[in-house]
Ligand SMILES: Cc1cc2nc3c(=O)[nH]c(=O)nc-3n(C[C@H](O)[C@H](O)[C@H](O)COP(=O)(O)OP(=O)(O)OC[C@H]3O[C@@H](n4cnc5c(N)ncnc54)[C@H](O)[C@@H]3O)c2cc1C
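Encoded as structure tokens, the following chain is the form predicted alone, with no partner shown.
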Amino acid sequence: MTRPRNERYDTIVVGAGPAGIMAAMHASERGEVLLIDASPLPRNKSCGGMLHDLSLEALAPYGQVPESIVVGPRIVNFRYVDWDRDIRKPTTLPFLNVDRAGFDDWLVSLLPASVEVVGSCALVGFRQDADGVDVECKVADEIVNLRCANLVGADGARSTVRRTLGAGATSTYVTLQDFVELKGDIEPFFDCIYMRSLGDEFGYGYVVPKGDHALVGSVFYPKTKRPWEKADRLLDVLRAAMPQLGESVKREACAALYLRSTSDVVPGSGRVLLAGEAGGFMSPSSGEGISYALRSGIAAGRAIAANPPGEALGTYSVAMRPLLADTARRLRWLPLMESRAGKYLAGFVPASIVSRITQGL
């Protein structure tokens, strides 16, 4: 059993995804950092594993993404698919296609020695006072009590840090993702599929080729009942039309942020900063989250490094204003995009305009 080596740290970061890793990296410029995750490491995050140009831009100062974690086809472009009307609108929006577990593992490898990383270590709770934050964690059956000057919650859409902070819970999508064997090549697209026959609870499906497998995902609105049955129906429909899709090797489930108001975006309180989905930082229109996680994590870590203990929140909040404005802009489009009328009208819009719109969403 691995447990934290020390009882005191300058910063404790909860969540070893892109937001947490980048926050830990930059916060280490001020002092010793503990990065914990409730899952074993390297963790296995259910995700499409596609890097937007904004993600690559954020990563550029830290080196090239290793080719060892890139999968074929190397680049996939977004394509809008209205399944019921057999309409496909390919766009020029590209994504670098990577293995998500390998991506997270690569980011961890970039951390300096002053960042201690501990997996299978779950946050139980915390209490902050004028001088610091008392943090309670659980490693196996052992409760570990720690103290830090700054705490960063980067623990996802169902963030324990956010809930303990009293910042208000956020609603979440249910997402199911199957790894499906490929019996032949499929087109190099990230297909975003709208299928009315699955009901109004079904947000969209997606298909992404990943080497000798394809990811087939289903996204359902909050409070969907028996989503696995609808995911099975989606697979049946797709297999009937795409004989290249073979058997499912495994199915993953996770929660993704269902962002519908800028009031859900909370940078933190006191000595506690929230990054990534924990803070509400994710595209409400496209569901893309990695670029938001990277940018918010970097900003949180830099704010900690640049300020006296406990005074990072103001700097971080200012740094997040452009992302908040961007979120507000996307939210204005969302009611139309998610409506039946909006999806119907999208079928008549030329592919060049769909491409231009998706570049901004």
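Start at 1 with the first residue shown and count on from there. All values derive from a computational prediction rather than experimental measurement.
The next section is about a form of this same protein that is not shown, the form predicted together with the named molecule.
Contact annotation: residue 271 falls outside 4.5 Å of the named molecule in the predicted bound form, judged by heavy atom distances. Contact check for residue 231: every heavy atom lies farther than 4.5 Å from the named molecule in the predicted bound form.
Though the partner is left out of this view, residue 254 does reach within 4.5 Å of the named molecule in the predicted bound form, counting heavy atoms only. Although the partner is absent here, residue 36 sits close enough that one of its heavy atoms falls within 4.5 Å of the named molecule in the predicted bound form. This chain lacks the partner; the member of 128, 175, 91, 285 within 4.5 angstroms of the named molecule in the predicted bound form by a non-hydrogen atom is 175. The stretch in contact with the named molecule in the predicted bound form, judged by heavy atoms within 4.5 Å, is 274 to 282, chosen from 274 to 282, 237 to 245, 260 to 268, 79 to 87. If you take 39 to 54 and check each residue for a heavy atom within 4.5 Å of the named molecule in the predicted bound form, you get 39, 43, 45, 46, 47, 48, 49, 50, in sequence order.
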